[in-house]
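Below you'll find only one chain, the form predicted alone, shown as structure tokens.
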């Protein structure tokens, strides 16, 4: 007997980091009975960071409900958090979902949708400090679970997050089998993926590079929080 459909919605927005979406998608789409909806506010084509275009996305408003909602992050995540119709659809789907999830700065969008109040959540390390604006507690973990909310840290943590969800939904054997099948055995050539391990000069150079973006993103996050009656 076939398992009942397990509806997964990836709620995309212009300017998302495509690996935040495609990494988890490669794993979660293999859940037995999965019906995956790649959706956006208006449907159709949508351009991610780097000019990669995703086509034939569904309209979020056309999806009545889901078992798992996943929101990726991206350079324009805080801008997306100010798009009221998009945030409203994320909130609508999230309120009835069995699992509310995100990768990277997607947790800021969950926060803007009022889905992280009183929850621990992960985020990309450079923007984690913005989570308290939405009543969330920042957690430096690579994958953080608080009730039905499961959040991943920056970008590649999305695969660890997906394996965590796979084990929850389909059991550890399924997660381990898919990990083997997709040969997920990370062994990076440099230990520079977190601020705690990156060389000091590299960390400072990255912070300098990101500094011009910080005021805009912080202002957008504060505005999104104010719309929730916070801040």
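Numbering follows the first chain given and starts at 1. Nothing here was measured: the structure is a model prediction, and the numbers come from that model.
This next part talks about the form predicted in complex with a further copy of the same chain, which is not shown.
J.: Which of these residues, 90, 77, 123, 112, gets a heavy atom within 4.5 Å of a further copy of the same chain in the predicted bound form?
T.: The residue in contact is 123.
J.: Which of these residues, 169, 63, 41, 175, gets a heavy atom within 4.5 Å of a further copy of the same chain in the predicted bound form?
T.: Result of the distance check: 175.
J.: Are any of the heavy atoms in residue 155 no more than 4.5 Å from a heavy atom of a further copy of the same chain in the predicted bound form?
T.: Residue 155: yes, in contact with a further copy of the same chain in the predicted bound form.
J.: State yes or no: in the predicted bound form, is some non-hydrogen atom of residue 33 no more than 4.5 angstroms from a non-hydrogen atom of a further copy of the same chain?
T.: No.
J.: Wondering, does residue 142 line up within 4.5 Å of a further copy of the same chain in the predicted bound form on heavy atoms?
T.: Looking in the predicted bound form, residue contacts with a further copy of the same chain include residue 142, since a heavy atom lies within 4.5 Å.
J.: Spell out, yes or no, whether the shortest heavy atom distance between residue 25 and a further copy of the same chain in the predicted bound form is within 4.5 Å.
T.: Yes, residue 25 is a contact residue.
J.: For a further copy of the same chain, considered in the predicted bound form: do all three of 163, 194 and 209 come within 4.5 Å of it, counting heavy atoms only?
T.: The answer is yes: all three residues contact the partner (heavy atom, 4.5 Å cut-off).
J.: Go through 179-193 residue by residue and record those having a heavy atom within 4.5 Å of a further copy of the same chain in the predicted bound form; state none if no residue qualifies.
T.: Heavy-atom contacts within 4.5 Å come from 179, 180, 181, 182, 183, 184, 185, 186, 187, 188, 189, 190, 191, 192, 193.
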